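One chain comes next, on its own, written out as structure tokens in the form predicted on its own.
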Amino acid sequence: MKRDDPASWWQRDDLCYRDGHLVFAGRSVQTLADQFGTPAFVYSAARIRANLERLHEALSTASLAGGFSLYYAMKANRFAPLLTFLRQTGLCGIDACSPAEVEHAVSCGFSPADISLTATSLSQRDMDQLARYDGLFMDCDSLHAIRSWGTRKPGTRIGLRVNPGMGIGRAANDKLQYAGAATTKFGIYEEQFAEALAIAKAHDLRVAKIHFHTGCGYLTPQLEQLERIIGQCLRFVEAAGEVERVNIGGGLGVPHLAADQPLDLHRWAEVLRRQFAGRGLHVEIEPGDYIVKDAGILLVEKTYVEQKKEAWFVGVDAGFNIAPEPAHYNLPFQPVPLRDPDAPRMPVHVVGNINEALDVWYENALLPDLTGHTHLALINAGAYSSAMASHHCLRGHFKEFLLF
């Protein structure tokens, strides 16, 4: 494996070239493309488990006296076989953000008690549906949510999602920073917090959890900002009184570029140890992205290679509508040839089949002459890809497979 090669930075034991051919989860990727067709998302159960176990290992070093729990953010990927596998591991619960996600989680084997719901702009119809599930834990995102839940579930425990007015995102990507200078719809701000507590008390709701609203996709360089955010959010914990739990959200990122280094989980765990040691709080984490993103690839077929003015373009048979992250969040999916490219590389733009200017998978990807190549793999396609797909241009067809 040529890990020192900038064009092959992504290689690891379960995603690499062996004998000149790309292998993923122990399978020949060319064989997978020939068997499944394209476009097809392929996920590795072994990688998902390894990611979960790595998180558990790091958290076990954080000396969290109140314990910890992982809640997989289902919005990252709701493929039913994947969710059923997660349930079978016993390593995480579910973070849901809609009534339909709760129902889907239950259908995949999770009990309502395994599910923490944090949603926004819930309708009265939504509230009625959610109230049917005994044991479901509700994190209220607004004063409206507290009142609405209180009329249906008085006497229960709730969480409050708070907005600290400061956020975090991968490489200062403001599209991934959900809290900051701009006022957003997410969470309860400090100016409203006393009122939120009063509304909860009036409805006989006990605030047992504070849920931190921050951002996503952060790597090691952003850990200092994460620590500042947690420190800010602890003010809400202290103001709330007898809080049992905190939820620090998700946000753990994975490398997307050669310049990225994997998140240092032990440094991340050390941040949690410094902030929560001695507090006796149970710490919840929602790392949907970290659990499944690098456990998935998208198989696509090459459609053409052509020069337009000074630029070379490689077309493929899938567009941004079935995996919107590159277009929406500037998170490129590295294109990888299915045969080891020993030939010289040149910068090319890898583009899809949707008639929109956004439809660019990767600009200036260093790829070899693809004459004779029929397919490419796009890595980091396990999260916020198929779950966000649309049928734009009537090109929303794709397949999904979980490999064991």
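Counting begins at 1, following the sequence as shown. Because the structure is predicted, anything quoted here is derived from the model rather than measured.
Although it is not shown, the form predicted together with a small molecule is what the next lines describe.
Colleague: Report the residue, out of L281, L252, L331, I188, that has at least one non-hydrogen atom within 4.5 angstroms of the small molecule in the predicted complex.
Modeller: For this set of options, the contacting one is L252.
Colleague: Using a 4.5 Å cut on heavy atoms, which of L298, C140, I210, A73 is close to the small molecule in the predicted complex?
Modeller: Going through each option in turn, the one that passes is A73.
Colleague: Using a 4.5 Å heavy atom cut-off, which stretch among 313-321, 227-235, 101-109, 210-218 contacts the small molecule in the predicted complex?
Modeller: It is 210-218 that comes within 4.5 Å of the partner.
Colleague: Does F24 make contact with the small molecule in the predicted complex, using a 4.5 Å heavy atom cut-off?
Modeller: The answer is no: F24 has no heavy atom within 4.5 Å of the small molecule.
Colleague: According to a 4.5 angstroms non-hydrogen atom cut-off, is H256 in contact with the small molecule in the predicted complex?
Modeller: Because no heavy atom of H256 falls inside 4.5 Å of the small molecule in the predicted complex, the answer is no.
Colleague: Is there a heavy atom of R161 no more than 4.5 Å from a heavy atom of the small molecule in the predicted complex?
Modeller: So R161 counts as contacting the small molecule.
Colleague: Just to confirm, S148 within 4.5 Å of the small molecule in the predicted complex by heavy atoms?
Modeller: Contact with the small molecule, no.
Colleague: Check for me: heavy atom within 4.5 Å of the small molecule in the predicted complex, for each of D95, G288 and Y384, yes or no.
Modeller: Verified in the predicted complex; spot residues all in contact, yes.
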